[in-house]
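The data below hold one chain only, encoded as structure tokens and taken in the form predicted on its own.
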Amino acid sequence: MSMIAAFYSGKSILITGATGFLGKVLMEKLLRTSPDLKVIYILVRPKAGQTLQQRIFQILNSKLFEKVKEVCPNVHEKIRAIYADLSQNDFAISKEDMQELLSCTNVIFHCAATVRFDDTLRHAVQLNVTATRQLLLMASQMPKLEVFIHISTAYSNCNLKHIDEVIYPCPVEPKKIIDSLEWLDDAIIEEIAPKLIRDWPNIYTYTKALGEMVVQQESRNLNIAIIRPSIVGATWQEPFPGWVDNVNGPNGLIIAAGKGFLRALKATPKAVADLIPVDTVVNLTLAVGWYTAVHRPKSTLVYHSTSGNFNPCNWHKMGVQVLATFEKIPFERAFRRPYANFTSNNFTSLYWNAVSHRAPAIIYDCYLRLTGRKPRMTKLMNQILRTASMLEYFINRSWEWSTYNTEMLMSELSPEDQRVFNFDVRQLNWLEYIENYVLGVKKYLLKEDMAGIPEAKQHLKRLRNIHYLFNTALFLIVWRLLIARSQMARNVWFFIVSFCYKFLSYFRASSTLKV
């Protein structure tokens, strides 16, 4: 029997960020492998006019939880939704709910965070730093708490080339930043933000580094571990391949490329694409929770959940496979045929990159205006390009993450736990995974019916023919203009025509002699 699954049986577990991508998969795996757990507390706030119960019902009735219902028919009874707002003091949790959490919780998985690269410093500090501090304070008042797992990111120290499984100090103490934000106005905060983050690429990575420092400083002798996943992607194996539910990171790029909006990326083709499947991160997280609670390490251990050390895949290889998958299972109603190119940083390539992206969008918006419809393509294209530019830092660099603690934990697991909670990415077949990933984006994000693939292929064929015709017409027009305006162009043209005529004459004469 799995020791890890047995550990979580009968436990009361608090998950923050349970309505997010990672949180949902974590919740699903817990319920599927430990159906006898006592309760999962999830902190939720009403959204888009839905009550807490409606949000939970929507989550549990998604395809992700289909297998859970087979082993845990009373799954709705296992989830206890608690109203909370992580941007408020004490998370705005009622006294009754707070008392229940403090007296009953055995395990905490802190997954909640803002992952927006362009978030404001105030909001990012509130969710990624201050909320972590408040949750640690709550944890210190929980007499039954056995372990606290903090989900960070492998890029929290991306200003370094080699990153060890240690907590690195930040130039400014988190407490000083938290205190300053209480009295500084927004204009001043946004002005000083670039100076604070220094060589971190964005607010997200900087505040996640601050969050780790808070964990180290405010642990209060708690039993804590930190998980650092890299770029979290679709599921690899569990509960089924390719599940994804958001447009963040690579998911948005896949959609943009598949629909023909994104034509080129400013990237380093040989840079390692450190993608890690979400179910791999979840399996490591649950294994770390068990190990930390049972073995109680003397210090806070950090675990890297990355693929580059064990099973590297570069951006070029990944891009080629994504495009190959588009040919087999194209997206419906593509704007242009899928195409991708890795551009350099010189002026010419950047200029043509911008033209190739925006020109068709502007033309299409003109068509929409002429037909009395609201133009939208240019705005959408600008959003895609802005997202791509924010990801450039990560697709132009490679990092080295040490994985001593992750490898140690792998060796500590029984054969059964290594099977049930597999986080060994050396077994990952990238070509198969990427194909399932693209298929998952098509099915679960875009909600496209697989029965529409033949029609999508015909649409793709038409787009390809239009593309070739357009390029041919453009070449002929440009060449005709050059011939009309340039003597050199005319000379070249006459030389080519003369050469072809002589070659054909020679070929015809040779054929006649042979006869």
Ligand SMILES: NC(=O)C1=CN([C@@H]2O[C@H](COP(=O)(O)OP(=O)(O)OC[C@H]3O[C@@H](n4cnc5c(N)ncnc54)[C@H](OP(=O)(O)O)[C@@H]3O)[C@@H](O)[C@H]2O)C=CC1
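For clarity, every value in this text was computed on a predicted model and none was experimentally measured. Residue numbers here begin at 1 and follow the sequence given.
Unshown form predicted together with the named molecule; subsequent notes refer to it.
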{"property": "Contact residue in the predicted complex, chosen from Q141, Q216, S87, N311 - any heavy atom within 4.5 Å of the named molecule", "result": "S87"}
{"property": "V125, V107, C111, A287 - the one with a heavy atom within 4.5 Å of the named molecule in the predicted complex", "result": "C111"}
{"property": "Segment that reaches the named molecule in the predicted complex - one of 290-298, 95-103, 152-160, 187-195, heavy atoms within 4.5 Å", "result": "152-160"}
{"property": "Contact check for W236, P239 and K442 against the named molecule in the predicted complex, heavy atom at 4.5 Å", "result": "no"}
{"property": "4.5 angstroms heavy atom contact with the named molecule in the predicted complex for N246", "result": "yes"}
{"property": "The named molecule contact at R55 in the predicted complex, heavy atom, 4.5 Å", "result": "yes"}
{"property": "L22, heavy atom within 4.5 angstroms of the named molecule in the predicted complex", "result": "yes"}
{"property": "4.5 Å heavy atom contact, K208 and the named molecule in the predicted complex", "result": "yes"}
{"property": "Sequence-ordered residues of 219-239 touching the named molecule in the predicted complex, heavy atom within 4.5 Å", "result": "P229, S230, I231, V232"}
